[in-house]
Ligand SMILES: NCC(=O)COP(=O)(O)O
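Starting off, we have a lone chain in the form predicted on its own, written out as structure tokens.
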């Protein structure tokens, strides 16, 4: 089974646009779980333009599904993970001013840095995943780093999907099988939506988890949050 983790960053963006606490991020997260989400993902950035560090502290004790905290492993992120001890920490190479994640780790160049970070995080009992591009050369080093999982950066897949879905998914299928051979768990995320998710799942049936936020929240404006989560679940429950 491939789990659906709902990224609630955009819910926090909406709240922050007006101030106050509407929508209530904690309530929305709990409702997402109640509506069928099998995990909640957040990405607290240093400028707190969406999820705030306090949101993470508020969410941690009340969530019932898997809590996944994404971020660049700076001092503040590392301290947060050690304090919260989420089920999963997903490491991304974003600089602080990035609008959104736009590439995976170069696990060759940053191998020693990531190896130390992963070991430090795993001491807390947290499962570690690293954001990675669909290039085979990065997977052996990822295994050496000691990460439990890799998360496939799927924007290139989503971009090419409308014109040539077979070509779009081919590199992902290749590296997915390589990850499986190496004993790495497999997540995926970025620009996945109701149009391209099912084909990715059909092509890589052993995906452990997908993390989806922007598209899911946009769809919820039309279909409602509960219905939208169920629609996404149906793309995965093949």
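Residue numbers count along the first chain shown, from 1. Here the structure is a predicted model, which means the values were calculated and not measured.
Missing here is the form predicted together with the named molecule; even so, the following discussion is about that form.
Contact with the named molecule in the model of the complex, judged by any heavy atom within 4.5 Å, is made by just one of 66, 208, 31, 191: 191.
Although the partner is absent here, residue 7 sits close enough that one of its heavy atoms falls within 4.5 Å of the named molecule in the model of the complex.
Taking the partner from the other structure, the named molecule in the model of the complex has no heavy atom within 4.5 Å of any heavy atom of residue 176. Using a 4.5 angstroms threshold between heavy atoms, residue 55 stays clear of the named molecule in the model of the complex. Within this chain, residue 212 lines the site of the named molecule in the model of the complex, having a heavy atom no more than 4.5 Å away. Of the candidate stretches 58-66, 182-190, 168-176, 195-203, only 182-190 has residues with heavy atoms within 4.5 Å of the named molecule in the model of the complex. Although the named molecule is not shown here, in the model of the complex the stretch 54-74 places heavy atoms of just one residue, 70, within 4.5 Å of it.
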